[in-house]
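Just the one chain here, the form predicted on its own, laid out as structure tokens.
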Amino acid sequence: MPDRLAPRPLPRRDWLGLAGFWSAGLAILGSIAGMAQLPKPRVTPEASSKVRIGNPSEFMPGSEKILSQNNLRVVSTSQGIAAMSLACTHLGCIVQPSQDGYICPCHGSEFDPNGNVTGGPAPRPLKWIQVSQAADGELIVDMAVEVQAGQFYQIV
């Protein structure tokens, strides 16, 4: 006599049907979760550290240009072309030209025309930045690459 409280045994055919149903449901949920991630990019683009500053003919030997949009000072001499960052090495404020070189308006650091510290809280001289030339001949400054002070790029 069957017990009223005991569970009824599940026939093998019904068990296989339920297992298939749940497997298909999990596969559909996994697919939906995977497709939900498609609109999100895996790699976020970063701004390039390279800046095009113009043709070498724009920088005649003996000239100096301040590129305020990039916070750069570009100097052209008979030795070549060099670029110096105008970001103060203390806290990153943009230095301003003064009679003796450059002065930081935030905390008063002072730099000579070559970026060497002459006063103030700045711990290091201003960074000299790598200058190179693109295949089309235009000059490129790579803001991420620091070079030794006084290193000039020879135009080819």
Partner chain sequence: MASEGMNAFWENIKTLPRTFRQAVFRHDAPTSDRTRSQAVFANFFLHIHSARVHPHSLKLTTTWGLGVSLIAQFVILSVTGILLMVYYKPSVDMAYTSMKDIHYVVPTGRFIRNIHRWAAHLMVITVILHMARVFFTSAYKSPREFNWLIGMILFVLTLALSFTGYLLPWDQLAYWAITIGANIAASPNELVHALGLPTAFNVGDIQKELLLGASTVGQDALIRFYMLHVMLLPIALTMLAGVHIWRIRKDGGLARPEGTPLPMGKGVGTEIPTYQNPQTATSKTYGLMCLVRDKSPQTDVNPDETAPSWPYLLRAELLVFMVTMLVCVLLGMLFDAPLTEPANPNVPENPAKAPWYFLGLQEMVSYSAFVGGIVIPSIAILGLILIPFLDREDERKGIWFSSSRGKRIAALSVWVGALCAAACVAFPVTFGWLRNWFPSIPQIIIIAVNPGSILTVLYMAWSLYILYTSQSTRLSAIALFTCFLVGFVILTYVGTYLRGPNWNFYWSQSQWPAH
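Bear in mind the structure is a predicted one, so any value in this text is a computation, not a measurement. Residue numbers count along the first chain shown, from 1.
Below: the form predicted together with its partner chain, not depicted.
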| query | finding |
| --- | --- |
| Residue 68: touches its partner chain in the model of the complex, heavy atom cutoff 4.5 angstroms | yes |
| 4.5 Å heavy atom contact, residue 126 and its partner chain in the model of the complex | no |
| Any non-hydrogen atom of residue 93 within 4.5 angstroms of its partner chain in the model of the complex | yes |
| Heavy atom of residue 104 within 4.5 Å of its partner chain in the model of the complex | yes |
| Partner-contacting position among 41, 62, 54, 34 - heavy atom within 4.5 Å of its partner chain in the model of the complex | 41 |
| Residues of stretch 10-26 in contact with its partner chain in the model of the complex (4.5 Å, non-hydrogen atom) | none |
